[in-house]
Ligand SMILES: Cc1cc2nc3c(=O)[nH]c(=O)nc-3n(C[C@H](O)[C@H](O)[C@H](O)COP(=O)(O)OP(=O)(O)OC[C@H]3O[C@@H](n4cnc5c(N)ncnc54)[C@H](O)[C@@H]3O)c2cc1C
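In C-alpha cells, the next block holds one chain alone, the form predicted alone.
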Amino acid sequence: MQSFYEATVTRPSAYAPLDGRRSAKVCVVGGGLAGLSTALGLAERGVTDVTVLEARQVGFGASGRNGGFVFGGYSLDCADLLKTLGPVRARELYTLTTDAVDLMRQRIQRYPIDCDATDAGVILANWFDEPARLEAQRRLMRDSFGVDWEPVPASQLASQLKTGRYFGGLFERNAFHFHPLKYVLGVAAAAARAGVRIHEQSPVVRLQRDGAGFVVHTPHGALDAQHVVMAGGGYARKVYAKVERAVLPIATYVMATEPLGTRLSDAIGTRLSDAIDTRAAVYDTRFAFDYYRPLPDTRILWGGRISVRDRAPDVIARLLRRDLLKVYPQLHDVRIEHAWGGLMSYARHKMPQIGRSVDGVWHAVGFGGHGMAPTTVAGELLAAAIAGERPVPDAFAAFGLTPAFGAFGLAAAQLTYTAMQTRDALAERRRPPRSAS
C-alpha cells in the first residue's frame, strides 16, 4: 500500500547519482527538509557551491511521510523548555519556530510551491474533562511565549467535530497544514534552480577528514568539501557515529481514508465559528495523541502511535482504523486507501540537535514528533552560521548529541510510551465521554 503522498506527486526527472570525484564548499548529507532547507538557506545567502547527497530519493524519510502539520514548538513540551532554559532563552527558541512557520509560507509564495497549503490553524482538543489542563496551557503560552491560543468551548467544538470524545479545546491560529512531500520537492527544485547540486541514490559510505576539510565517499564517487552537514535523520547509518548514536529511529504511522465527499461532514462539520476555520488540523491532549486533518479531496488523513517497529501497511491500517473509530464511530464503513509508516529521529531530551561538533561536522537531527517548523529552523541556523552571518544560538548547546544507548534506548522509549498510554487510559476511564451533539 503506497503512501498517499507518494501516490499524489509527480516527481521530476531523478537527480543523477554522484559519479566521479567532485568538490563543493558545503556537502549536505540527507535530502529531507533539514538538509534541503540548509541548502536553500545557503543559496539565498549567496552560497551556491553546495551539494546535497541523498541515499534514496528526495523526501524519502520522515520529511515526506509525516502528518503535514506546520506550527510552532518542539517535541519537548513548552513547560519543560521553560524549566530547562529559563524565560528568555526558552522564548528565543520558541520564537525561532514561529518565525519558521512564516518563512515556510513565504517560500511557498516566492518559489512558488504547489503543496495544498491550507492556512486554517490547529485545534488542541481536550481528551479529558479537566478544563484546568487547557487553561494552564493557554496561560503558559500567553505569559511565557507571547502567543494567545484561543479557547473553544466544548459545545462549540462539538458542532465542528462530531464526536463525544472532546471536552473543549484551544485554537492555534498561526498554523497551517500541507502536503509535505510536495513541499519538500518544491524546496529541492528551488535550491536546484539557485545552483545547488542534488544527487539521489548516493548513500554516503564513509566520511573522511582531509586537512582542513573532508572527503565524502559514495559507492560511485567522492566529494571534497570544506563543510559537511549531517542531516540524515532516522535513516542515517554507519556514516558518522557521533550523530547516529545520539538519536533513536522511532517509527510512527499515518493513513488516509477514501474520499468521503459529503460524508466528511458526518465527522468534521461545515462550521465551527466565524473566527475558526473548519479545515483546521486537530490533535489531542493525551501523551499518545491522535492527529488528523481533512484533505482538499475530502479524505481524512489520520496519524498516531509510535513504536520501535516499522510495521506493514495492513497492520498500520488496522491499528489506526481502530483509533479513528474510537473518535468517529459513524465512519465504521469507510475504506482506508493508504497506510504507511516511517522512521523519525528522536533524541533523549526530545529537542533537535543543531550545531557543530568539535571535529567540525555540522549536524541537524532529532526533529521527531514536531518536525516541519524545527527542520526549517535548523536549515536557517546552519545556513547563517556557515555563511558567516551569525552563530547558532547558545541555547541549543543545552541539547547536544547526548547518547541514546541504541537498543536499550529503543526499549526504554517503548516502555515509556506504553506506560503513558496506560496512564491516559486510566484517566479516561475515570471520566466517561460526552455525548456528541
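Don't overthink the numbering: it's just position in the shown sequence, from 1. Computed from a predicted model, the values in this text were never measured in an experiment.
Here the subject shifts to the form predicted together with the ligand, a form of this protein not shown in this document.
Exactly one stretch in 347 to 355, 135 to 143, 88 to 96, 361 to 369 has heavy atoms within 4.5 Å of the ligand in the predicted bound form; which is it?
Within 4.5 Å of the partner lies stretch 361 to 369.
By the heavy atom within 4.5 Å rule, which residue out of 100, 229, 236, 152 makes contact with the ligand in the predicted bound form?
After the contact test, the surviving option is 236.
Which of these residues, 204, 161, 339, 300, gets a heavy atom within 4.5 Å of the ligand in the predicted bound form?
Selected residue: 204.
Considering only heavy atoms, tell me if residue 257 and the ligand come within 4.5 Å of each other in the predicted bound form.
No - in the predicted bound form, heavy atoms of residue 257 and the ligand never come within 4.5 Å of each other.
Is there a heavy atom of residue 62 lying 4.5 Å or less from a heavy atom of the ligand in the predicted bound form?
Close contact exists here: in the predicted bound form, residue 62 approaches the ligand to within 4.5 Å, heavy atoms only.
Although the partner isn't part of this model, could you tell me whether residue 38 comes within 4.5 Å of the ligand in the predicted bound form, counting any heavy atom of the residue?
No - in the predicted bound form, heavy atoms of residue 38 and the ligand never come within 4.5 Å of each other.
Applying a 4.5 Å heavy atom distance criterion, does residue 45 contact the ligand in the predicted bound form?
It does not: once the ligand is placed as it appears in the predicted bound form, residue 45 has no heavy atom within 4.5 Å of it.
Heavy atoms within 4.5 Å of the ligand in the predicted bound form is the criterion; list the residues of 46 to 66 that meet it.
Sequence-ordered list: 53, 54, 55, 56, 57, 60, 61, 62, 63, 65, 66.
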